[in-house]
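Consider the single chain below, provided in structure tokens and representing the form predicted alone.
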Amino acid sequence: MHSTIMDFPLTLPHLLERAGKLFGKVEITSRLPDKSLHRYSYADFYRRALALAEALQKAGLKKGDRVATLMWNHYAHLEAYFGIPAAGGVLHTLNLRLHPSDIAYIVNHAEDRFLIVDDVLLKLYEAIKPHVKIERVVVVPLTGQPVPAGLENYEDFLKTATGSFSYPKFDENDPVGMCYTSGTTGRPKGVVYSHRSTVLHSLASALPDSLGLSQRDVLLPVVPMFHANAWGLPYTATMVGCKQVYPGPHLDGESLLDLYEREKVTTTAGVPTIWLGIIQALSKEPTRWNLQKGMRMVVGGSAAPESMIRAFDKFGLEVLHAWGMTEMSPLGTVSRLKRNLLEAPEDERYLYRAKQGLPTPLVEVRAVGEKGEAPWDGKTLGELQVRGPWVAAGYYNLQEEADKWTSDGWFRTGDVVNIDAEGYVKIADRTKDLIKSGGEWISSLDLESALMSHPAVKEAAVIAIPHPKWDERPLAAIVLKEGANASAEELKSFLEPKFAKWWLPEAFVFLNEIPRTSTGKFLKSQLRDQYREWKWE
């Protein structure tokens, strides 16, 4: 017996066509480098995305060719998100915060043929130009300045289209885009997404118990469009037809708050670094901005301290904790409270909201320790392993990394977690960041979260440093808030009621800033190198 259902491929053009036909009047707003606002409609976006697709084909793009983008978050990047795959190409977003040598390596490894670059990023292109073999470079003239000789103006490039574009034939497993990991351990590694994985990821992302995006929302992704494809949000937003707002290169707290208020944003997304800047600006001038009550602030990239969630609640803003990876397209879990937890005591609710959350539909999770799969008891630690229809099954042209996948097909994330009886995942640490002291494990993330709840602490990073007796002990690197004071003794006393004595850091350093990766995470490897020769008294 066979089903009587159509064999209907899941491909990106369905999302683009839906947007063009149903949501033509909806606005897309972008902040440009000079802080002016560019506004146009979905109808304009649809027309221009198809023009880009046709122009690329006329320029010689063949199915499967990689087209790199070196761009901030704005309307032209959204056109590339859809226009490149519509032409049969593979969208390859380049992380503009990486060192030029890493960007050049990624371009060459991916074998990019074309590049679309913002005019404000031409200096970065010039730095990689001698080391790459890109055939054609198209420049988006955001500032209105003339495009340098030898390069093509994006607007002129679109004008080469005649309007007679037709989609090539797609298989849902054809590649649609690729993104490289940030390379915190070794060289960056490429993940290739398919039409099918992108469509399924968009559907799951929009679910009410996931990110809950609908046509009635106004979305502003602060997360860069070059970081795990802005967590897939441009695809999800276009699918549901909500208003989209893009901040360009202006990511400081005041600029974002101004845009939130001006455009009546209901959902935004970014890493904790961004939200720390927002909460500081709100705390200084709590009555200055009139934000949408209940605005959802999706936080990912690294753990959100419970203190941050509580702080935003006081302003009527909802922090929604999520977790994912480039290898997962990237959404893996979202921490929304189950119905049976809504009436739990307040402190218990906050504990759940600070966890990474429940697996999204179609994503399966398990924690695996030395004795096999860990029970879901909220205590037993194990490495988080995942599988699902938008989880990578390997890296692009990198067979030596095959050990990241188990023999039975699960991806080894490198995160150490426990999973409780309700199914909530809580990350204790990255495997490389756990602290083993006297044969027992200490979670640096738990210590950091507690330290950042101290009123004088702006940021805290905890690392393991060698110890002659205990093998490793925690060192806490602290950044204090402007004008605030706190001693090592005071911070240690603050932690004492919350942790066993042997968990408490015995070493504290006070810094002006904590080094970060290109995606805003703490660069703990640099701290470990800096303090590995710590002299214990």
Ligand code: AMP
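Worth saying up front: this structure is predicted, and the values here are computed from it rather than measured. Sequential numbering from 1, following the sequence displayed.
The following text describes the form predicted together with this ligand, which does not appear among the structures shown.
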(message) Within 4.5 Å, heavy atoms only: does K123 come near this ligand in the predicted bound form?
(response) no
(message) K371 versus this ligand, in the predicted bound form: is there a non-hydrogen atom within 4.5 Å?
(response) no
(request) Classify P234 as contacting or not contacting this ligand in the predicted bound form by the rule of any non-hydrogen atom within 4.5 angstroms, answering yes or no. (result) no
(request) Could you confirm whether G382 comes within 4.5 Å of this ligand in the predicted bound form, counting heavy atoms only? (result) no
(request) Heavy atom within 4.5 Å of this ligand in the predicted bound form: which of A206, A392, V319, I427 fits that? Just give me the one. (result) I427
(message) Quick check on this chain: which one of P224, G332, G83, G300 has a heavy atom within 4.5 Å of this ligand in the predicted bound form?
(response) G300
(message) The chain here is shown without this ligand. Which stretch in 430-438, 280-288, 170-178, 458-466 comes within 4.5 angstroms of it in the predicted bound form, by heavy atom distance?
(response) 430-438
(message) For a quick check, can you give me the residues of 356-384 that have a heavy atom within 4.5 Å of this ligand in the predicted bound form?
(response) Q356
(request) Can you tell whether E422 sits closer to or farther from D433 in the predicted bound form than it does here, judged by CA atoms, where the change is 3 Å or more? (result) farther
(request) Please say whether the CA atoms of D433 and K404 come closer or move farther apart in the predicted bound form, knowing the change relative to this form is 3 Å or more. (result) closer
